[in-house]
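Given next, in structure tokens, is a single chain: the form predicted on its own.
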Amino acid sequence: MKVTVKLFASFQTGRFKIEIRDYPDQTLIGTVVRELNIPEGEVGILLLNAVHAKLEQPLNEGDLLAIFPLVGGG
């Protein structure tokens, strides 16, 4: 299945900004995060089709997954 993955801020460094990727049916969001070598502890927000999501949610054909890092500062 084809899923559009968008990375934000520091997650783009050495990776990509937006990419359409192929995955087996029902691949979990966490699998995508690990495949991209993003430490789960550094993930701030996950959006699946513009709705908050969790690492254990499965993906479906045509989904849009957005991955944002934790935001620091003060």
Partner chain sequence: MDKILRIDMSATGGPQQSTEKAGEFAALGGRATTSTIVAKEVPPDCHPLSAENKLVIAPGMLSGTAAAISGRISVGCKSPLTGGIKESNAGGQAAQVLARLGYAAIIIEGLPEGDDLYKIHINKDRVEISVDNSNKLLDNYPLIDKLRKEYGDKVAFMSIGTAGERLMVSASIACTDPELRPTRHCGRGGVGAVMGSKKIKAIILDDAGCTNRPPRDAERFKTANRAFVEGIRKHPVSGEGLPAYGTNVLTNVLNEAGGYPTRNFKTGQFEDASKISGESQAELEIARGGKATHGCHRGCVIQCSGIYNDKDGKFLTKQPEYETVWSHGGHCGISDLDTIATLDYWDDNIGVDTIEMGVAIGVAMEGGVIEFGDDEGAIRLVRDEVGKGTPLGRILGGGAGMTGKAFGVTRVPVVKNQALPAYDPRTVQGIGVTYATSTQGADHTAGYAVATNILKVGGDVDPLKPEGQVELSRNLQIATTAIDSTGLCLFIAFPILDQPETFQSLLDLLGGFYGIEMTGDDIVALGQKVLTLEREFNKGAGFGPEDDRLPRFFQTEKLPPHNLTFGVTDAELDQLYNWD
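Numbering follows the first chain given and starts at 1. Being a predicted model, the structure only gives us computed values, none of them experimental.
Omitted here: the form predicted in complex with the partner chain. The next part is about that form.
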In the predicted complex, A50 touching the partner chain (heavy atom, 4.5 Å): yes
4.5 Å heavy atom contact, L64 and the partner chain in the predicted complex: yes
Report whether the minimum heavy atom distance between A9 and the partner chain in the predicted complex is within 4.5 Å. yes
Might G30 be said to contact the partner chain in the predicted complex, defining contact as any heavy atom within 4.5 Å? no
